[in-house]
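What follows is one chain in structure tokens, specifically the form predicted on its own.
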């Protein structure tokens, strides 16, 4: 990626995370990036094009942080499903810590009003694997829908990170792990803990 384009995206991410889409003006982003407003418009046609590029860039980093290298879980066993959930929770915590502007931008915004089709495809690339895994778990147990579960878990995680950011609590790795375990107990399906031995065919 062109260095100047990267600098503009990083400046825009910080501005959008701090002030939101509607509270951020293009000249402010240009000034923060150390470029002229005209230069910024050579890279991005308008503010909507800029925020969509920022969104896709942040969402793709989130997808890599969450999903790359995570093995497919054995969702027929409760202990394996719990380990898979704990790993995703841990990875999400790492992303929030190492990419605070990206996480804040992604969690604080009502993005629907300006997302284009390309951005929606990137969003689905993050949600679809999680939704499908959740559906496989829910299909074997009673309880809320997958959409409700994802909303509950995302809301709980965002609330923790926001409370830490505002100084209401100090959230270390152990506390975050304990919070994840509590969330898992809230949504855990009724599955066997271990897979029994398979019957042998004669």
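As the structure is a prediction and not an experimental result, all values here were calculated from the model. Positions refer to the first chain, counted from 1.
If you look for the form predicted together with the DNA, you will not find it shown, but the lines that follow are about it.
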ask   = Three residues, 129, 136 and 145; all within 4.5 Å of the DNA in the predicted complex via heavy atoms?
value = no
key: Which of 169-177, 44-52, 150-158, 57-65 sits within 4.5 Å of the DNA in the predicted complex, heavy atom basis   = 44-52
task = Let me know the one among 70, 32, 163, 26 whose heavy atoms come within 4.5 Å of the DNA in the predicted complex, would you?
result = 26
request  = Find out whether any non-hydrogen atom of residue 6 is located within 4.5 angstroms of the DNA in the predicted complex, and reply yes or no.
outcome  = no
query = Listed by sequence position, which residues of 48-62 have a non-hydrogen atom within 4.5 angstroms of the DNA in the predicted complex?
reply = none
